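Heads up, the chain below is alone and in the form predicted on its own; it's given as structure tokens.
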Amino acid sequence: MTSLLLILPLAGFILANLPAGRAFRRMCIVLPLVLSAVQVLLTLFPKASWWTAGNAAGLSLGFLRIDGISMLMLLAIGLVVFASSLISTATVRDERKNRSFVNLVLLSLLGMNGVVMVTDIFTLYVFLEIVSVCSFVLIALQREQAMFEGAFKYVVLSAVATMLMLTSIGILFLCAGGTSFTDLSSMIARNHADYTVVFAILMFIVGLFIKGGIIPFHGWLPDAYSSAAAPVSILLAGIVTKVSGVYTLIRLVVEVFGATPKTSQVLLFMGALSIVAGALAALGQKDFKRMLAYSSISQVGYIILSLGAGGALGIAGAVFHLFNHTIFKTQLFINAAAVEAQTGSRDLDAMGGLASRMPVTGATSVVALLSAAGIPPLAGFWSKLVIVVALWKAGHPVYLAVAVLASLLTLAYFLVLQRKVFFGTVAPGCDSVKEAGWRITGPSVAFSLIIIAVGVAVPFLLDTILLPIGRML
């Protein structure tokens, strides 16, 4: 019942804003936790009777659809929203700000669910804007100067993306007479050499590059990720930019715009540029969250590179690494939240030896960084291997070399991070540091287990989920 995934967050938002007593308002803080947990269960057990009965009840909406990649993204959305919401209960002390966080997360959940299920490009744009507006406010929620600066940069660049996408939609509508994916795909197939159509497609893709923080359109991302409060950083880095930019790019390029040779060349070049530039920028960072932000840019480059390789294997690699990146980057930002909460700092040079004081955070950080660097047998290794094979089969040896060598850069900056934060002797001022509470370490352990489990289950996932998604798209 696709509509249920929109109705539940909207109903939760209404419920959280009913005029009621203080006790009721405090209870509503758990709404994102409950609804995201329900969403995870719905995606893990899609054939349950209480899930499929909605179609018979007439609750399905015609512009919504769930397929393999949608189901995978809905699972990722549920996991990240649950982790972010749980951590907010431990790190956001102000009751009023916590209520605001709940409202914005519920609307973001509604918007992201809509993005991954719609089959109409204008409706897709509406849901993208819901997510963007919520993100602006979430970044500046704590009302600090750095947060306002990060939010302002996001607003400005997102406005540019909005202008590009709306203009593109208008041109495509005039050419196709409709905005459904089917109408647009048929029109583009007939007019693939029309410069007006090509220009409209290019504008929309550039808008998505901005939303996804692809270099050179990444100006907002490091400031937004690093300045936002811990649960907001987890939400933004873990899933918001993945849904708004990367997933949408995969869906539209493959299903609507068409993976032409020129499009593939653009994607390959932009992916390789983001991989290398993001990794080099991460090497020079001294701020924990800022290093992770540039790492996100680099890892998203792998997804774009795999999409540019094309074919069922390239699409499977892009989708697989999109999911893996969501998991290990969410966990790393959770660990950054734990370190910041316990030490009061994000300065890498002011830390050291925290593994002896925060053993769970230190151990889970190793799992996530090794997965990000592509070390076997963790999940990140397998998705990068699929990308490398896809590039080889598509005849792109130069881009293959970039993908392999950049993994060494990834390992280098994450080892720097691990050494400065967790290894060595305990830094002055960190003697009294203790492990973070279970509301922070619990999600971190859970995401580590997912990384390990996905790595072990790769043969099953590749044959039954990922390659079928690639062939279907």
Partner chain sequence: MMEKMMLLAVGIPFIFGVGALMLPKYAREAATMLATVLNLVLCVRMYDQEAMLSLPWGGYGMLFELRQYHFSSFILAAAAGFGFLISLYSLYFMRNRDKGNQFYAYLLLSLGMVNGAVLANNLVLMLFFWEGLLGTIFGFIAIGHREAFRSAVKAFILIGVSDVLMMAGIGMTGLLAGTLTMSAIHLPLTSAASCAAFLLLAVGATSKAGSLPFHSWIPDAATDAPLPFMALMPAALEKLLGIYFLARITLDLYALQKGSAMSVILMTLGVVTILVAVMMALVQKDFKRLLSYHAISQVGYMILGIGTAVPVGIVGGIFHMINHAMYKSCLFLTGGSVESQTGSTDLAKLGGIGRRMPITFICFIVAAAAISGVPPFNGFFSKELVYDGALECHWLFYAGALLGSFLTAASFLKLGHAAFLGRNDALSTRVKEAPLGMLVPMVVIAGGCVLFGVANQLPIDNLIVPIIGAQRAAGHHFSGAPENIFLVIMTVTVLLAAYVNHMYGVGRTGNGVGAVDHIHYAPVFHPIYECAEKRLFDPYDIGMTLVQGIARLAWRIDRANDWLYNVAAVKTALYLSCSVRRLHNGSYAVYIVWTVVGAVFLCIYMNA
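Just so you know, these numbers come straight off a predicted model, no measurement behind them. Residue numbers count along the first chain shown, from 1.
Absent from the display: the form predicted in complex with its partner chain. The rest refers to it.
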(request) Select, from the options 244-252, 379-387, 77-85, 152-160, the stretch whose residues sit within 4.5 angstroms of its partner chain in the predicted bound form by heavy atom distance. (result) 152-160
(request) Indicate whether its partner chain has at least one heavy atom within 4.5 Å of a heavy atom of residue 262 in the predicted bound form. (result) yes
(message) in the predicted bound form, does residue 170 come within 4.5 Å of its partner chain, counting heavy atoms only?
(response) no
(message) Can you work out whether residue 340 and its partner chain are in contact in the predicted bound form, taking contact to mean some heavy atom pair no more than 4.5 Å apart?
(response) no
(message) Using a 4.5 angstroms cut-off on non-hydrogen atoms, would residue 397 count as touching its partner chain in the predicted bound form?
(response) no
(request) Counting non-hydrogen atoms within 4.5 angstroms of its partner chain in the predicted bound form, say which of 146, 189, 280, 401 makes the cut. (result) 280
(message) Looking at 217, 204, 288, 323 here, can you tell me which has any non-hydrogen atom within 4.5 angstroms of its partner chain in the predicted bound form?
(response) 217
(request) Taking only heavy atoms into account, state which residues of 287-318 are within 4.5 Å of its partner chain in the predicted bound form, ordered by sequence. (result) 294
